[in-house]
Structure formats: structure tokens, C-alpha cells
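Heads up, the chain shows up twice below as C-alpha cells, two forms, tagged structure 1 and structure 2.
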Structure 1
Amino acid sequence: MRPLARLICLTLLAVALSGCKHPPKPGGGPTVVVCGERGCPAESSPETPPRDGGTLVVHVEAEPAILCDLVEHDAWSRWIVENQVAETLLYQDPWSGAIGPRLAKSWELPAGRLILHLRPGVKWHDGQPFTSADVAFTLGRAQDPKVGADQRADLEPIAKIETPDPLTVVLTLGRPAPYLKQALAHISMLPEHAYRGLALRTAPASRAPIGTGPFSFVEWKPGERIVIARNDAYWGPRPHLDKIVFQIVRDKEVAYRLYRRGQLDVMRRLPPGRTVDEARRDPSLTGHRLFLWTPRAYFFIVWNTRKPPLDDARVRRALTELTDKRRFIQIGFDGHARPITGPYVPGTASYDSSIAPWPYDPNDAKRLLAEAGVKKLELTFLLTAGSRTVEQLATLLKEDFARAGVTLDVATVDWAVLLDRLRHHAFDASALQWTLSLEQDNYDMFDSTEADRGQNYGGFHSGAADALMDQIRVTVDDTARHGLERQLHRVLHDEQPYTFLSSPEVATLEAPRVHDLAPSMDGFSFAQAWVDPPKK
């Protein structure tokens, strides 16, 4: 797409919150919908009321390990479970960011406390009542460092959890908690009776989840599919779909062929090697929609700052200056990604847009390495098999680094092995993607205390960063907190514990029979989606 057309689309969406459509070119092809920074709001047509019934088939490119996102930081686990099968206490609108009620119908904020009033009559899918005991159990597990929940740092202000009756939860706070309500909007509640005395990771309910949501779990056939079905006893508005099948197809090119044959309704991402322009010209996709959207996420290289000479910020900056990010974006993402410089959502008050990316500058990189006393540097880059984007990055890094005499070896390991080595700091470099919250708490990723219990995989330590994060986490005033976050952005840019690469755009295909389903920055919510009946 031409830059001017993209700029116009984004401007219109920011004003009107509607997707910018590009109809098919003569000869056929899909309608292209370019989403703005908040995603694409689902479209409803008053002339065509939603139809109940039918099955939606969604492509899953990477099978999750389990379906309990409290302990497994996996995007597909979260998208399948959160607010489809399991539900959260509060709800954060994925387009506006506004926080409202969900399983908690209301709340109060007297001094030093958060009092949650739960909805009466809510039942788990196995018929057991949802009560305050389930909330206390879930939050208690989320606070446990051994569990490793994403939101653990945001729950640290909770000094005491009380349940005076089955429908009331009282959280006593030991300090201000600016991120607490957002955290409660992204922690799926767990049924205490299904987990009592069991480890979360290995409990049967983590593979066959029991929730309170609009869909209930039906089956998981490993390597083939995960199926959920409409919960007719749901406490809220019932979904239109009878069933959703998450079809597991690891080979994305095979999935693309299945999609074009009508065997998949939604393909979240075009396969590697298939460009957006190619898809736009494909006559077999006439009548389909091609959403171009940017998830709230960023792609980065993490350096093990515990290992000399990577413990020297000059060396990390030199490696960043040896990374041709623009070339990587063109090759790895077909040009459909935006450069980033820090760990906040671009366009928000936390992101310092005045910070320019470190340039690709091999000469300055050589100077920095010499200044740090590095004459010879050999590094190993860890990646997982099947990640073509990371494989392309590793290939480019080998070429770029060699220009400054840096040798990069590549080691391919299984995902579980990679995570274990990251957690134990047994690596030099690797690449990951973090999904962000609108109000992002970076304590777990960058605070020195989180190196052995959180997701500070690089073992990064900075007194300035630690002090800023301590301030940020007790600053309730939004303006003041955002100012501190921009300062943290600057520190991380200077220190380069990560080489911040890009926020990739995603091209999602959706069949003509699918309605009221569009991506937000959080991905997809299927509660309002519906499908046309099969053609006879």
C-alpha cells in the first residue's frame, strides 16, 4: 500500500474509529481493511441481522502447551481461553481501553482497599457456583512467584485477600496500585474445586478448562484441533456461533491452501513468502477481507547482560548498531512493521516519540567495541525450529555482525528448551515478542529483582531503571506516571538490554461467510461473530 493511502486511512480511523477499506482491484481479490492503532471495530449491518448457529473454523499456527494462561505465556492459549471460555473479574475494552464490569458487577475504592461485588447466579461450566473463594484462589496463585503469572508484579500491592461472603472480595492494599484494575481485567478466573491440591501446570483442568464464559470447552485432539461450543447457560448475552474449531496446522503454506479451498474461515497471518500485494491480486480471494493490523506487541533481541562483554552497555549498543533493522523489516515482514525504540505502545503517553532508533552504523559499532576493549567476540544466537522470521533475523545478524569481526553461531532448540535456557540465563542472545498492555508495567522484564523469578531473561541490572520502576509502580496520577515511563524509555534506549526491532503488522484473512469479527490490538473476540449457513 502507498504511504499516503496508509496515512489517510490511519487518520480517518483515529477520528472515526472505522477501518479504511480498499475494494478489490479489477480482476478480483479481497477487500483490504487497513486498521489504525486501536484495531478495526467489528462491522454490523442493520440490514442483515446476525444469524444464530454454525461453526467457525480458525487456523492455529502454533499449538499451545496447555490452556491455562496464568502459567503459560502463550498468545494462542490466551486468545482461545480469555473471555471465550474463562472470564476475568473486570473487562478492558480492546479498542478504547476503558475498564468496566465482567464477573465483578461493581467495585468500590475506599482508602487502601478495593472491594469487588461479584455477579450472583454465575456458574462454572460443570454447574458449580462461582464464588469469592474462586477469586481468592486465583489471585493467590497469581501472586505466587513459583507460578510465574504475567500479572504477578501488578498484584504485589495486595497485602490481604478477604472473602466476607460468597459474593464479596476485599483486597487490602499495602501501597498505591495504578495497574491493579487493568491486571484484574486480564487474569482468567480458575475454579478452586478443579485445582484443589493439584499443580496448575499439570492439572486436568489446564488442558480441559472449566470456565464461566460464553463458550465451553469440548475437546482437544493434539496436533489437530481444539473445539469450544456455545454455553447455553451463560449469564450474559449468548454468542451466535454453535461452535468454534481452532484447527492446528503448523505448516502455514498448507493452511493457506486449506483457507483458499474454504476449509478454514480465519487465517490469522499470511504464510511466510506470501506478500500482501500477492494476496490482493488473488482472484480466488474475491469477496474475502484482508485485515492489516498491528497487535499491541514488539519484536526484540534480548542480550544476556550477565555474561561479559555483554554486561557492557557499549557492547550492546554496538551490536544494535550492527543490526540493519530496516533491512530486517523488509525481509522478515515484507516491509509491514514499524520501528520502535522502547517497551511501550507507540502513540501512547508512555512512549517517548522523540527518541530516534540507533542507526545502522558499522563504523561506530567498531569504535564502541574498541572503546570497550573487545578485540574478538563470538556469540551464540538461540532460536526455535519453524520460526522463519527469527531464522531470517539470525541469517541477517550473521552477515551484519561479520562486518565488525563479530562471529555469530546459531543454535536451534525446542521451545521448551529455549524457555528453560532463558530462565536460567544460559544463552548469549535470542529473539522474542512481547504482547503489551495499554498501561504497561515493565517491572517483570527489566527490574533487577526479577532476574531469577520473573521474565528479566537477560539479567539486566540498572540502578536508574530500578529506581524509576519503583516510582512508576506507586504513582497513581496518570500524567506523572507517564512522565516517569518516558524517562524509563530513555534509560532502556541508552542501556540496550534489548535491541528493540519492530512492531510487526499482521495480515489476517477472513472468509466472506464471517461477520462481526475484526481484530483489535488484543486479537479477536468471538462473542459477537456469526456466519452464513453453508451453501447447498
Structure 2
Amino acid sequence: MRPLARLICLTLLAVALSGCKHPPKPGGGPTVVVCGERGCPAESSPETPPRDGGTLVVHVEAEPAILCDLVEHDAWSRWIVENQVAETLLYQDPWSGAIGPRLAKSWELPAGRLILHLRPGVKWHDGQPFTSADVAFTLGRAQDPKVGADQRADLEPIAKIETPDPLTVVLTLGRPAPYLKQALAHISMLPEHAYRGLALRTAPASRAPIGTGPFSFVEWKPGERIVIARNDAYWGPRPHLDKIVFQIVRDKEVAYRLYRRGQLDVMRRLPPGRTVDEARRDPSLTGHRLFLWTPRAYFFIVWNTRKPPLDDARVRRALTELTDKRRFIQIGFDGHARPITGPYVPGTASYDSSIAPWPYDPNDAKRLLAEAGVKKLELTFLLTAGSRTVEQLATLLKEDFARAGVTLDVATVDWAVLLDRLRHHAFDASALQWTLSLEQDNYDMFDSTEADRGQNYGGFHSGAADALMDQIRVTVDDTARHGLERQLHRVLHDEQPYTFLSSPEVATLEAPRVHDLAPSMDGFSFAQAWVDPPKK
């Protein structure tokens, strides 16, 4: 009930906002599709059934370095490969989180084991059969800490991988593994025969990926485009599209112009200088669809909790209360972001929605600072040049903090230096963004043992949080784990290792000729999409 109510509220709010400010003119502007926590509403059924054939041109703003999502953490590398070219063993719905079959047609969970039954008759794009050896190879690589795969920690509980026959994989678990199935839904299978004896990064198959998916790789012209085409030998339902061209256009404004001229069909994000309200009223976008959706990601300020006086939770809370989050959302995201209070996806059972954000309250902040015995506080805020939102945040923080006598110096460094400083805890504060999984394991961000290994840049250590996280990691029962996660949410809210800011909304544009293609955190599922024939 709760998510539904929330969705309705959100929709109403959006309608109200758009309604009172700019009355929609008949025939002017794009159709706005507001997506809620359960996904985007299905396209109102058009008279015509899906049509086969045609080419879809998708804008890519940042060229991926390689097309192997096991070692490449870049988003487009994943969106182009995962479930388009290569496939995962299981499938997770990007909104509800429900797990279903994909390359594994079924699975069993006897005590301490996970048995996967693979789909028979599946072939790689080069004609070789897909077997359990490929699964063992891929999972083995993903487990290897030297590879640095995103799901490595989730696979840690696997003690042994066995392949009794070509269509069966048996995973023996050393300890309970609550995140294992989700991980198996996000690891694209790699063909062992194409990687044998080669490094993942430099193997030819990482530039020209070989998968089992509905589309097969065609070409990659560096700086220009990546092309994939329909795989006619696909085991599943045949996709409608002939070809998908991922057009690389670095300048987002130029891309926007190309899009409006009809040279691009899909733009995943409006350019940073464009506001949703502006696009909404643009008569040249009439007939287009504008998806408004909130990705599973959040902006936050990370505090170096090892450095006095930031080691005092009261000081961190004071700084949070000095941050005018509403104004930041207004200025940084033109109002299109929602506040977030903890490291879980809002609307899921892990997120405690009864927690309200700390208010903007300079007086209480001053009280907290005085209580902590802080008289004079000078902090340096690190940011990378060119990230507009963080620059805006820094300017706001500077103003807000000055009201309580806290001096904030803003230092611009480049990405390499920022990473170096974060990893070595040589900073006071910075602003970053994390993406979230539907079942989020926060161990490597907040556990004290992860300060020197993982992503706990702020060196946060809290006995209560550590104990909860140790427990969460071994609790397979969803309801029990979600309860513990809500407790952790509360602890993090009180301790404020981060100042949790907001989840920004994304506006995705699709040309009128594109149908049945909704954006999500996991990219797009092009397998169902279809396009109108080009107009003569």
C-alpha cells in the first residue's frame, strides 16, 4: 500500500506542479511519463502491434573503455553488454527486485548449496555451446580479488564451484549468502573459450564481446559508435529491432541538438544546462516522451571521521543541520530530486521511511558545535573541476557554514588526486554519489574493517554499526534482514558518517518513433522495444 500511495502522491505532485505553473497547451511539448518506485507505466496500447525491423539510435555521452562489465565499472559498458549482448544466469526486475530465470532455467536451494540448472541448447554468438564450464570460469574470475568485479563481495560465501555435467552448476556455500542471487543476476557470462590464457582487460573479446543474448556485437568505431544487431539464433523471444547504434557524442548539448533534429532516438539524460520544465514546454518535442524517474543512487557529503573534530558525531550532525538540503535540491537539481536519509533504496523494506531528514537549523547546529567544544572550525572541501552539481553544493555550503562560523575552503583537484586523497583518508570533506542495489550490502562503505581495503573513505567506525552489518551479512531471511537494515539506517542517521543529501531525478527523452522502451537503473531492455518505419 505504502509504495502505491507514494507513487500516487508523486504523480499528483508532478501534475500539480506542471499544472499550476505551466498549463499544458494542446499539442505543445512532450508527453511526460512519471515513473514511481515500481517502474514506469506501460505505454498506452497503440492501435498497431509491435513492428519488426528498423534501427534505433541511442545517445552515449561517455565512451566505455572496454566492453567487459566484469572489470569495467563504467555504466554504458554495462548497459550495452548486460542482457543485450551477454546474459546473466538469473534476472532481476530493475524495479521490484523479483528474481527470475535467464541462462539458468531453474535453481534449487538445499542446505548450504545453490544448484543451478542451465538452459539447454544455448549457443554463444560464435556458435560454441554455452556450458557449465563457462559459468565456472566467469564466477571464478568474478570471485578473484585481483579482478575487482563489483559483485566480488557478494560471491565471497561461495566455497566451491562444481560442474557435475555441462548443464548443472553446484555452488557450495561456506556461510549464508543473502546477496548471492542478486549478484548472479548482474554478472554477465563470459565465454571461456574466448578468454583462455588471456587477461580480461586486453583480450579481443573485451572489445568485441561474444555473448548469448538477443543482440550480437557488430562493430565499435572509437569515438563514433558501437553497433549491435539482432541475434537470429537467440534462444528466447526474437527482438523486434534489427540494429541498435550507440552513437557516441561527448558534448551533451550537441547531442541534444542532434536529438531534436531526429538524428538520435533516445537520450538518457537531458543535458545538464536544460531543465525539465523547459523541455516540458518545448513545442519542438511534441509527440516525444519524457520519462521522469529516480535512479537508485544518492548524493552525499563524506566526512573524514578520523580527523578531529569530525570524529565527533555531534559535529557531523551540526554540519548536516547547516546544510540547506531543500535549497540544494532547488538549485542543484532545479527541484527534481528527493531527499534521502540513508543508504537504501527508498520504498524498499530496507529503508526506514519513518526517519525524517535532519532539518536545516543553524541555531541547533551552533548549539551542537558548542556542546562538542568546537570554537573555530576550518574545513577544506575537495571537488573535481567540471562537476557542476558539486560546485553548486560547495558554494552553498560555504554560505551556509559561514552562518555558524565554520569556514569552508573549496579546493579543486582532479579526479585522480581526489581518489588518492579519499583512499588515504587525506581530506576533510567531499561530495560523491553511490548507486544502490535493491538489496544493498553496505559493508564495504561503513564497516570499520573496510577503511583501508574497501570504500569506507571516511574511516567510519562504530561498534553498533559494525555489529549490525556483521549480522546482516549472514541473515538470509529477507524479513529479518530488512529489519536489521532499518536499524542500521537509524544508526547511520544518528552518526552521520555521511550527510545524506538526495536522489536526483533523471529525465530521459525518447523520439515519437520509439515504443515500449522504458529507462531503468539497469539501462534499457531493448529486447521488447520497436520503432516506427522511417517517414518518407
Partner chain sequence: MSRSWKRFSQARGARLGLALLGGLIALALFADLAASDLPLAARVGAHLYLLPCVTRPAALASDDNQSLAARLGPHDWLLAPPVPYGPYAQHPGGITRVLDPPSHRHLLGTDDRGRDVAARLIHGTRIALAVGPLAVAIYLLLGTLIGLLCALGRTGDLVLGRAIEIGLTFPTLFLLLAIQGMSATASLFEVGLAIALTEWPHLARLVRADALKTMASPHVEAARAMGASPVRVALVHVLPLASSAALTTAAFGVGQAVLFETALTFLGFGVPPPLASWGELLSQAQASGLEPWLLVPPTVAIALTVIACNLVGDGVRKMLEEPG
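C-alpha atoms forming the largest set that superposes within 1.5 Å between two forms make up the rigid core. Fair warning: this is a prediction, and the values are worked out from it, not measured in the lab. Counting starts at 1 with the first residue of structure 1 and goes up one by one along its sequence.
One chain, two forms displayed separately, with the form predicted alone being the first of them, structure 1. Once both forms are fitted on their core, a CA shift of 2 Å or more is seen for residue 521 between structure 1 and structure 2. Once the cores line up, the CA of residue 405 ends up 2 angstroms or more apart between structure 1 and structure 2.
A movement of the C-alpha atom of residue 330 reaching 2 angstroms or beyond is seen between structure 1 and structure 2 when the two forms are aligned on their rigid core. On rigid-core superposition between structure 1 and structure 2, the C-alpha of residue 488 is found to move 3.2 angstrom. When the core is overlaid, the C-alpha of residue 316 ends up 6.2 Å from its other position between structure 1 and structure 2.
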